[in-house]
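Just one chain follows, in the form predicted on its own, and it is written as structure tokens.
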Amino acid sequence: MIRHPLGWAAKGGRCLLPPGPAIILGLMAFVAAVALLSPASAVAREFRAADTQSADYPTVQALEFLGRLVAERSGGRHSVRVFHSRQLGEEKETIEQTRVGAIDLNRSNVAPFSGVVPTAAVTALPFLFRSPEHLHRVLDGPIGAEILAAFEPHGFIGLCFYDSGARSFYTRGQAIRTVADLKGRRIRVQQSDQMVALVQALGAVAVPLPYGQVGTALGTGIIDGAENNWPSYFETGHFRYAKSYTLTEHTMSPEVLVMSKKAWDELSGPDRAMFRQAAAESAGYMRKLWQAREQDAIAAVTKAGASVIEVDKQPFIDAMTPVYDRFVVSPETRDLVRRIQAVP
């Protein structure tokens, strides 16, 4: 082969000319087409996941489990980095960051979503679920899938529900034994209009505060009490200030794991299916951790001297009429509540 001074070659007496413009354009089009046909899953990605709880909390452990499944099933292409302990902000802040795509995965209680995803707020209605078993039958079935699907028009992809136990009131000083004992008491609630309305319906003063500020508010007497599940009551140390835990079990609002729709849109079909399956498995994993954690928390706070008070729930249920009148207004919402209550 003879190399021509201008850069092309001659072989066997034939000139191999450099490709002309038409050939170059054709090659460029071919390369572009190949790139478009390449699956999005070929691109490695680290997904940022947010959780307000501590590293050993069941929801955080479930996210770590999800990350292991994703890494394994994607052949190491994808990974999940979990930011726990409010490293990326309180729930209300991380929800907004997830909507705009700054956070990829977010575990939050459904209550802070109430102003963003109205359908999800239904699951935070007081005394809607009769028991944890009733909650699981609803969320593991078609109604749960319907509620998760309602997140998408608002910039999120609902992946699964995690347990959050039953929320009850705990107070400094006078214990709550009747509805009258709540009158005028300053009770911390999640930053949710629905939770504010619930506490107000019982005659108390609702104080919306970020989760991380509750301990200080209890310790300094800024608030008289709060409401949460057993593990949160124990692991935050709130039981040291509010020694009376009243089993109102007024809500069983679940946790929800969502992905930013912006991150979801970048995934291939197979990777979307992989994430959904991994999320479903992480929910079962979390549920087992939760049951053990709840029993440990009950044992720990009672050993530390906290009083557990059982009450007649019916007067508390009767006081919830204004909450339902305000938040269950559309025919669709009323129908959803009816169908949830009809699940055996």
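A residue's number is simply how far along the shown sequence it sits, counting from 1. What you see is a predicted model; the values in this text were computed from it and never measured.
Although it is not shown, the form predicted together with beta-D-galactopyranuronic acid is what the next lines describe.
Exactly one of the stretches 275-283, 308-316, 292-300, 52-60 approaches beta-D-galactopyranuronic acid in the predicted bound form with heavy atoms within 4.5 Å, and it is 52-60. The closest non-hydrogen atom of Ser232 lies within 4.5 Å of beta-D-galactopyranuronic acid in the predicted bound form. In the predicted bound form, beta-D-galactopyranuronic acid sits within 4.5 Å of a heavy atom of Asn109. Asp181 falls outside the set of residues with a heavy atom inside 4.5 Å of beta-D-galactopyranuronic acid in the predicted bound form. beta-D-galactopyranuronic acid in the predicted bound form comes within 4.5 Å of no heavy atom belonging to Thr123. Of the residues given (Thr171, Ser114, Thr94, Ser164), Ser164 alone sits with a heavy atom within 4.5 Å of beta-D-galactopyranuronic acid in the predicted bound form.
Put simply, of Thr251, Gln190, Thr246, Thr98 only one has a heavy atom within 4.5 Å of beta-D-galactopyranuronic acid in the predicted bound form, and it is Gln190.
Looking at 239-259, the one residue that comes within 4.5 Å of beta-D-galactopyranuronic acid in the predicted bound form, counting any heavy atom, is Glu255.
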